[in-house]
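Taking the form predicted alone, here's one chain by itself in structure tokens.
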């Protein structure tokens, strides 16, 4: 295999979950088509293809119900694999959805025994993540939702979820863990409706927490696209709020189940716009955190195809970075998107409210008809973007 400028390196901050490249191809209509992979082998393979990090749920590494001795042996082997292959663990999370006890949710379940067990399991998993070096801890409420909506007041569910996050931030502070939480939204699946369904819901929820400074978001391309929303707009809102703590990159077609496809394999224009935003090629402050691919190979693939998939995610991101840099360096593009300036109105629009600015603003002369007739050249701008994406420029 030839090497070029788009091959990934650890400096690119790319990461995969054990559950992503380790996905055996199981789906609701058929069993596994690939062998289960040992976590240490996954780390080795990720190191070979230039990935920087590996992320995990607690059960991805330590099987549910393992003894203390088994746990220590598994963790010891995993740490050695990380060290031997130059791979780090930037993020960890807890599986609060697979075990039957979580069939009605975890932090929001009606049964207090379930809620207590969810906290027990998460505190143990947080300790594992910290031991492995994780700096971010993600919460995805996979079963935090309903099919029979009359089962609980959704206000009570929000209060229960808030209590859990507040409790766990206090736990981290008490233990001296320098760990940030990132909340991951999804509208549905595996529940009919999942609480806090979008990144916007999560940002509003964070403002109600006891320690909002420790909590941000982890938007996912597929989860926002399932609801027909713009991932780019939601990520921009999180970045503007200083709350983009982590991100999940993949591909998704609107209106489908959660596909978790190779990054950039669907809606290449939106993938381009997202990379452009994250990299700051248009002039905004870039995102400097982990770039995590929460995706998996097609069910058609064998083991070699899994690593083709992983390499493809990373190469596509780097290809889009190069395309975004070229697009935003184009003088015609810069001319179209340049800020419109007005020496009279600009100072008024940037000034704080006062009776004086109100009077000046209301007295400003604006030729409404003339302004409405100015073409903005957005057709040309979009065509330029398409031509850069297609390699015509």
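Everything numeric here is computed off the predicted structure, so don't read it as measured data. Positions refer to the first chain, counted from 1.
Same protein, other form: the form predicted in complex with a small molecule, not shown, and the subject of what follows.
Shown without its partner, this chain lists 134, 138, 297, 275 as candidates; in the predicted complex, only 138 has a non-hydrogen atom within 4.5 angstroms of the small molecule. Residue-level contacts in the predicted complex: of 177, 97, 307, 117, one residue has a heavy atom within 4.5 Å of the small molecule, and it is 97.
Shown alone, this chain has one stretch from 126-134, 286-294, 147-155, 161-169 that lies within 4.5 Å of the small molecule in the predicted complex by heavy atoms: 286-294.
Residue 93 belongs to the set of residues with a heavy atom inside 4.5 Å of the small molecule in the predicted complex. In the predicted complex, the small molecule lies within 4.5 Å of some heavy atom of residue 57. With a 4.5 Å cutoff on heavy atoms, residue 266 does not count as touching the small molecule in the predicted complex; it lies far away. Mapping the unseen interface onto this chain, residue 223 counts among the residues with a heavy atom inside 4.5 Å of the small molecule in the predicted complex.
Every residue of the trio 19, 184 and 218 has some heavy atom no more than 4.5 Å from the small molecule in the predicted complex.
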